[in-house]
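This document starts with one chain, in the form predicted on its own, laid out as structure tokens.
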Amino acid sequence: MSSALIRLGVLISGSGSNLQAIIDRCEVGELPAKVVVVISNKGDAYGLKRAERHNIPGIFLPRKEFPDERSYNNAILSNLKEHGVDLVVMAGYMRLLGKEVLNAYPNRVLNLHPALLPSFPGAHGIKDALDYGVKVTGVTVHFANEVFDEGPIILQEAVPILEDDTEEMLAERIHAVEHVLYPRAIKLYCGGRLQIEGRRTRIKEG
């Protein structure tokens, strides 16, 4: 593959369906990028098996083996650097990424959230939106910072909530949007089309 490809390091905690969507688009040439390492804080994360199937190094870093958050984040950073990562992609990574990584990758860490931020931040965005009774929720891709779900927004797409929706039904439709929106945001980054101005992310003409 071309050395010009953006090298992606993907952080996960679970099934890795967004990881799979990213890998698939890289492999067919839709993204000028390559996933070079997958790091999980959960040993049983299915995303590690996905990585293995595509011959991508998968690394399990258990938090309990590190004395504090600083050392844990430095271990993540060490693995990212070892694999020459250009862009860090959090895909269902259920921990707050520390300043050790964020400072090393300024404006080069992306996150995905299953709601229209700033509404319904946190770990239960789908359930919280459904419980609140809103008629529309959605998906947000944003740059990550040291506060959960707060960084400058890159892309958003609305998902209507239907009258008979269960959490599982809504989640399925949200995930379908995620699998399109996240690769689209990564492609914008790879094309040098994202410019941060304060809280705004401007998308430059391609």
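So that there is no doubt, residue numbering starts at 1 and follows the sequence shown. Remember, it's a predicted structure, so these values are computed and weren't measured experimentally.
There is also a form predicted together with ligand GAR; it is not shown, and the following applies to it.
In the predicted bound form, none of the heavy atoms of L80 sits within 4.5 Å of a heavy atom of ligand GAR. At the 4.5 Å threshold, heavy atoms of S15 reach ligand GAR in the predicted bound form. Taking non-hydrogen atoms only, F60 never approaches ligand GAR to within 4.5 angstroms in the predicted bound form.
Using a 4.5 Å cutoff between non-hydrogen atoms, D165 does not count as a contact of ligand GAR in the predicted bound form. Considering ligand GAR in the predicted bound form, the lone stretch of 109 to 117, 71 to 79, 127 to 135, 96 to 104 in range is 109 to 117 [heavy atom distance within 4.5 Å].
In the predicted bound form, ligand GAR lies within 4.5 angstroms of at least one heavy atom of each of the following residues of 132 to 160: F148, D149, in sequence order.
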